[in-house]
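Single chain ahead, written as structure tokens, the form predicted alone.
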Amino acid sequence: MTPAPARVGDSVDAIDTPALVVDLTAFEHNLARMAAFAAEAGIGLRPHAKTHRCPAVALRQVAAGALGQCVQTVGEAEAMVAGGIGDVICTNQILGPSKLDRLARLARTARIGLLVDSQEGVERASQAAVAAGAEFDILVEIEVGMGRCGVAPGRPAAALARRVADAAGLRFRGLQAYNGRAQHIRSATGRRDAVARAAQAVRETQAALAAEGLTAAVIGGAGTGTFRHESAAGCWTEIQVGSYVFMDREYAELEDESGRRAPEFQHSLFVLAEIISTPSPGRAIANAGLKVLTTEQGRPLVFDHPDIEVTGVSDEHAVLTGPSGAALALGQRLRLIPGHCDPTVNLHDWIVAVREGRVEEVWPVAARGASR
């Protein structure tokens, strides 16, 4: 890991840039708002650690009422369990023997769930669990519009669930019904319609499970863009939201029912950058490029400066453009809102947590680069 860019007690002005910074006031607002929603709706909250990859964040989510965490990789699962999280679901297809062995070792001391969408996946998970003297919780992943992994809903999914229920070392826990594409449909109507189609697939599968004498105790899915729709549908038991805790440009641009952009969560995650060159009036260069933020979902926004636009990003630099009279001075610090928070976090070893101009905590991104 690189040295931390700040120490507890430092002034924000002393943070070595570029740095990943969390505004604790906004962060805590987001934690509390989602936790309150889940409690009021009577639905389980299982945030996704792929967003933050940081046990310090996960522990705060659990303290606010979350059941545990979702992860995408075995490395993320290991980091979460080592950091004190005792209930983890790997929302991905894991087939490699070495990866399954690692998960099985974790399952001796923590509750570990994983997804299957094939008979081969069931057999490999069973073999690993038995060899380790452990048990896995298993969710059968069904295709609900994502166009990625997942067995067909209805009878094919129920037949696979029966194989899980009959396999040694496995506990059939339910279904995974996640449509990531729905999260980013701009219109609220479009998102609602996509979730309605997914709900129909879930209900069809529930009926097929009943014919097999099985019940899905857990039905997981949803995300920051659609969690209210899944909750209202009445068939999901857990929402697997991730980006709500940080927010990013893409989620902030989703429309509500009236067609307005009115995000209910606040931007708490920023890349703190510094202007290192002012080559011409209205144009400046900041020290935050592709090595500290990603642009696959759009260039970053400049927080609190709507008149300044990021017009270019290269390896180490961001080009800022504003009106000729814009305050773009050498040494000036700016907070950039990433286009996509998840991969941006994965570019950093540390998250600097600040409040009222001071560094309050410094969190290691323990699962940075844990892609296996």
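Remember, it's a predicted structure, so these values are computed and weren't measured experimentally. Heads up: residue numbers just count along the shown sequence, starting at 1.
The following text describes the form predicted in complex with a further copy of the same chain, which does not appear among the structures shown.
291 is the sole member of 260, 291, 197, 108 with a non-hydrogen atom lying within 4.5 angstroms of a further copy of the same chain in the predicted bound form. Of the listed positions (305, 29, 317, 60), a single one reaches within 4.5 angstroms of a further copy of the same chain by any non-hydrogen atom in the predicted bound form, namely 317.
Relative to a further copy of the same chain in the predicted bound form, residues 95, 118 and 369 are all within 4.5 Å by at least one heavy atom.
The closest heavy atom approach of residue 349 to a further copy of the same chain in the predicted bound form falls within 4.5 Å. Taking the partner from the other structure, a further copy of the same chain in the predicted bound form has no heavy atom within 4.5 Å of any heavy atom of residue 230. In the predicted bound form, at least one heavy atom of residue 283 sits within 4.5 Å of a heavy atom of a further copy of the same chain.
For the chain shown alone, residue 150 is a contact residue for a further copy of the same chain in the predicted bound form, at least one non-hydrogen atom being within 4.5 angstroms. Only one segment in the set 197-205, 271-279, 219-227, 160-168 has residues whose heavy atoms sit within 4.5 Å of a further copy of the same chain in the predicted bound form; it is 271-279. Although a further copy of the same chain is not shown here, in the predicted bound form the stretch 98-113 places heavy atoms of 98, 99, 102 within 4.5 Å of it, in sequence order.
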